[in-house]
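First, one chain by itself in structure tokens, the form predicted alone.
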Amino acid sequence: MSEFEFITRITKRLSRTANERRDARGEVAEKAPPDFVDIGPGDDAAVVRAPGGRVVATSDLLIEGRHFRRDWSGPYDVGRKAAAQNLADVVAMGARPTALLIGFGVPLETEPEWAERLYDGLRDECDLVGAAVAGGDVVRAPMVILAVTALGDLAGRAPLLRSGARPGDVVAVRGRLGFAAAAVGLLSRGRDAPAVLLDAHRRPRPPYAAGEEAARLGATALIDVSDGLVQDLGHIAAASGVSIDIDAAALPIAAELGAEGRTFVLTGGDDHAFAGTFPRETALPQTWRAIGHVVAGEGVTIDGRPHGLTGWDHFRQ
């Protein structure tokens, strides 16, 4: 089909003009509250409301063979993953996601049904947070490429930055850690179980409520753990001019992670948990797990000692 025939076909799956949510089959599931998109796909640009007066914006690339493999993940899962990792970045700023813009590069021989299921996944992940796919572009490409821009609204709040951590703060995490990294190891060895790990790689489950919750708790810094806990806490430490010391005994190491669980938790990304720093007097709810403290100095230590661990590097891995 032509470019514009394809655009028409996928746009029908994203329509929110009837203000409805749709289920995985594209059928109406329930009425939804009004979303932030006044004008979606179909014009030269979308119109997205920003009630708080400022727009949080982020962008990300997913390239076939580097960020996902079609023999490991179906199109619906790729869509869910692409949306989740961008929505999580908005949430990490303490904002509420409002819209995604999708740049889609696709080989000409790709079945239209594969692309439709991809967009179903994008749409359904957005539905979890009340956002929508507001538009984008498509182009012929030698492999599947997704360029995703996510927008969010702060509702009048100050953004949560990486630069606010102070000595004495408690370091805490919310969400799963290490599951997606463990899954990559399994898939690389041709394993298809356990499902709880493989599903974590194919379809992350960011705790989307974490951003606004952290803001209410008075978090001093927050980050989406996408490239590994040690590495991402290092970003907070560098931006804040402090050191972060992790208490190894406090790490949430699930039994499913096996003997390498500690390494997966410290270095694995793509689960899109959140790590934040909070004033020491903060009464953290059970949804957050304290794993360390902010101290004077620089870098990240484990039990007060250097560790030599890294995380994901898009140029070297």
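Bear in mind the structure is a predicted one, so any value in this text is a computation, not a measurement. All residue numbers are counted from 1 along the displayed sequence.
Another form, the form predicted together with another copy of the chain, is not on view; read the next lines as being about it.
- Proximity of Gly74, Arg191 and Leu229 to another copy of the chain in the predicted bound form is absent: no residue of the three has a non-hydrogen atom within 4.5 angstroms.
- Partner proximity in the predicted bound form, defined as non-hydrogen atoms within 4.5 angstroms of another copy of the chain, places exactly one of 206 to 214, 191 to 199, 168 to 176, 230 to 238 at the interface: 230 to 238.
- Distance criterion of 4.5 Å from any heavy atom to another copy of the chain in the predicted bound form singles out Leu161 from the list Val242, Val184, Leu161, Val129.
- In the predicted bound form, another copy of the chain sits beyond 4.5 Å of every heavy atom of Glu281.
- Among residues of the shown chain, Thr58 is one whose heavy atoms approach another copy of the chain to within 4.5 Å in the predicted bound form.
- In the predicted bound form, none of the heavy atoms of Ile246 sits within 4.5 Å of a heavy atom of another copy of the chain.
- Within 4.5 Å of some heavy atom of another copy of the chain in the predicted bound form lies at least one heavy atom of Ala46.
- Residues are counted as partner-facing when one of their heavy atoms sits within 4.5 Å of another copy of the chain in the predicted bound form; in 209 to 229 these are Leu222, Ile223, Asp224, Asp227, in sequence order.
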